[in-house]
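Take a look at this single chain in structure tokens; it is the form predicted alone.
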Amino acid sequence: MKTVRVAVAGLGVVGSETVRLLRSRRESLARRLNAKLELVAVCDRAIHSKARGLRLPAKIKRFSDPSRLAACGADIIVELLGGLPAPRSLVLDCLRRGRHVVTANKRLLAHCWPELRRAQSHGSLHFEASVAGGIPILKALDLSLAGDRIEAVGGILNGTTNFILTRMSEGLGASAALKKAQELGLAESDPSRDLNGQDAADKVSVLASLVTGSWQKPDRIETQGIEGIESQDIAFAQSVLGRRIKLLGMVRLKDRGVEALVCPFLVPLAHPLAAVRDEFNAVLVQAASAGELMFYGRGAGAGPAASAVMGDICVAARDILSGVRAEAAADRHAEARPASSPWSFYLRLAALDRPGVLSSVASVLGRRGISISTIHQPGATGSRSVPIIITTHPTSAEDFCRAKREILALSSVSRQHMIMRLLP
């Protein structure tokens, strides 16, 4: 029976689970592949303690320096280091040596897409675990739907923020919800990339680059996180508007380019995305022939990510055994651009509790041609300012942003505010 040699770089929660699965499922994997998957090397900064914790046999090589892994003799290198500089160097080196590489690093893919594609003329890169945990969305887009025309793809791409918003909808404050996510291992000690939307933007970049065949830079993606969302927004959305707040990432293919954005949306309670709770992800695909498809599953945690990594290892192993070398498709030049579709907007303001404030706000919107759908102003609470919550009919983001700047310049309105879009 042939042997395919595997090395794993990074023994964090996902890497450790991947190593555990490689060793515990050796027999079943061998029957499925008609070949042995042999773990030959591991790499981690704390390699000795991690190897002891995993009870790895002495024959498995141990490295603390990722740069040494490319020459360890493995056929498949699994990169689970996280971050950017070290993974970039390792993956490019491995690909140029003709190795098959598996990675879960969406940041690497989002920021180094052109380099990685060029290097694939020698090796091949597999990255299912980079988006939506264990949900096989990338293979579906790249293979199952290859003969269709993708018109839009997106949804809930960050399990951490979805967990936080779920807990907030149950009455927990934002900081308490974040603490709970951290206790459960669903949020990093530094959760800033989750909360500010950058993690989701990297995933949108990967999705957009895959479906367009052209690099969609993360810094060209309109991005807003959930930091400004308060309990009053969640309560108002559900009790008054019949909606739930979700952080969504979207890609829409347009005639003149690619529309990509990440921001909080108020989703109708009857919409399938509204029912997605906790750390689960859900991705909607709109295809010309297949219509609307939904992919659902856990988007955070070691198990789902390791499952996707193992799937990529098996795909790479089959390619090695059959002598197949996957080639990257030629780039097509479709650039991401600021979101231009008309949306209905939600705007929460803090304004002085005095006559005429509401009419001045409405006047600014009117001058910009923005029609108000609903407006809500609670009675006096004893404080100097009160919230004003407005929803609009569909309008362009450009017109709405101009109106917002004028409104925030009013002497009676605080700079503190919250903006979200309403999903139709």
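Position 1 is the first residue in the sequence shown; the rest follow in order. These figures come from a predicted structure and were not determined experimentally.
Keep in mind the form predicted together with a small molecule is missing from the figure; the text below concerns it.
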| remark: Answer key: of L21, L410, C401, V13, within 4.5 Å of the small molecule in the predicted bound form (heavy atoms) is V13
| request: Consider the chain as shown here, without its partner, and state which of S49, T374, S371, S64 has a heavy atom within 4.5 Å of the small molecule in the predicted bound form. | output: S64
| request: State yes or no: in the predicted bound form, is some non-hydrogen atom of V101 no more than 4.5 angstroms from a non-hydrogen atom of the small molecule? | output: no
| field | in the predicted bound form, K36 touching the small molecule (heavy atom, 4.5 Å) | value | no
| said: Residue-level contact is defined here as any heavy atom of the residue lying within 4.5 Å of the small molecule in the predicted bound form; does R32 satisfy this criterion? | reply: no
| Can you check whether S214 is within 4.5 Å of the small molecule in the predicted bound form, heavy atom basis? | no
| request: Establish, in the predicted bound form, whether L80, A300 and A305 all lie within 4.5 Å of the small molecule, using non-hydrogen atoms for the distance. | output: yes
| request: Go through 39-47, 388-396, 23-31, 360-368 and give me the stretch that gets within 4.5 Å of the small molecule in the predicted bound form, heavy atoms only. | output: 39-47
